[in-house]
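Okay, so we've got a single protein chain in two different forms coming up as structure tokens, structure 1 first and structure 2 after it.
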Structure 1
Amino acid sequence: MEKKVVDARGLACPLPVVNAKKAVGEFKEDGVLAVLVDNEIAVQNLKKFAAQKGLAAAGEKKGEKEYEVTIQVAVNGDPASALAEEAGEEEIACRTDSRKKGLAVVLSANVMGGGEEKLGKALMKAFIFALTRQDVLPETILCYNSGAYLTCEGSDSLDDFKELEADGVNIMTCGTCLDFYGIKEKLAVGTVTNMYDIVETMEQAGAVIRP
């Protein structure tokens, strides 16, 4: 089985897809293409490209700004795959970076405001959803104390956080807090951070939003 690796880290859209398409065309037999990229948007575009070719693909986050997209290449594609590629190829488009450098959102609890907990959770869910609909997105979201629950399995806001991460927002959750609540293994989006990085991020932020 043929195997190829394309290192597209540091390349601007649409170059990761362009290079992957070229590599797929060079396969002489069925095999696996691994594409290395450094952002979630590239992952989504590569998976969309694979779907258009009728190929199976999976993305995996390897580390901070490190992703690998694995594409199962079938040399003898069927006519339906070719038609899908022809019909959908132009749909892949680069998404503009709408983040505001130096803007940080701090979520120190899984509720918004005081009062009834049920209301507070509903307000926080609405706040995070509203973030996804802003013309200008934060550069970073910091989650600590009970705010750590927001980025873990079972959170009502996971889809919204994943959408923000796909748009390049850096989502960081306090490791000490995850350990304290016993939910470190349930982290489902973003990365684990520490107090040094939290302080540094807040110090360097041009503006900090606290709901």
Structure 2
Amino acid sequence: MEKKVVDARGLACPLPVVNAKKAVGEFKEDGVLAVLVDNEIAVQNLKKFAAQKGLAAAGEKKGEKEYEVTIQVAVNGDPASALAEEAGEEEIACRTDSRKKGLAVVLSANVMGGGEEKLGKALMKAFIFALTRQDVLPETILCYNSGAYLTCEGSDSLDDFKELEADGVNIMTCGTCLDFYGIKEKLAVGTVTNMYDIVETMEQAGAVIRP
């Protein structure tokens, strides 16, 4: 089985996809292509590229700014994949990075504002949905206290958070809060964080949005 590694760290879109495409074309037999990149958006772009080629791909975070996308290369793909590839060939487009550096959104509760809880929950859902529709996205979303419920199974906003994560937004939920509410095992998007990270993120943020 052939194995290749493409180091695309430090390369801007669309170069990681371009280099991966070139490497896939050089396979003489079935094999595995590992592409190293340094951001989540590149991971998404490579997965999209693989899907268009009808190839299986998986992404793994290896370190702070290190991701590995593994593409299973099949030299003689099925005809349906070849057709899909042909149709999608011109459409390989990169997700662009629409995050604003230093912009943090802080969700300190599962409701937006004070007052009636039912309304507050509906407003929070609407806020998170509207966030996904913005041309400019935050770099980070911090969830703590009852805001931790928002990133856990059962939250109506999970799809929105997953979309934001796919766009490279760093979603972090307070571990102490997950533990306190007994929902540690239910975290469904993003990562667990601690008070030091929360403080640092807020300190370093140029702007903090707190609905």
Partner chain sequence: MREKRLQLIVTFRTTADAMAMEQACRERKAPGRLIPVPRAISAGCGLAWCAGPDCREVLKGVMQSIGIQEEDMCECMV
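Here, a residue number simply tells you its place in the sequence of structure 1, counted from 1. Model, not experiment: these values are computed from the prediction. In this text, the rigid core denotes the largest set of C-alpha atoms whose superposition between the two forms falls within 1.5 Å.
Only one of structures 1 and 2 is the form predicted together with its partner chain; identify it.
That would be structure 2.
After superposition on the rigid core, does the Cα atom of A50 shift by at least 2 Å between structures 1 and 2?
Yes, shifts by 2 Å or more.
Verify the C-alpha shift of T70 between structures 1 and 2: is it 2 Å or more after superposing the core?
Comparing forms between structures 1 and 2, the T70 CA shifts at least 2 Å.
Superpose on the rigid core, then tell me if the C-alpha of A12 is displaced by 2 angstroms or more between structures 1 and 2.
Indeed, A12 is displaced by 2 Å or more.
For A23, give the CA shift between structures 1 and 2 in Å, the superposition being done on the rigid core.
For A23, the alpha-carbon shift amounts to 6.6 Å.
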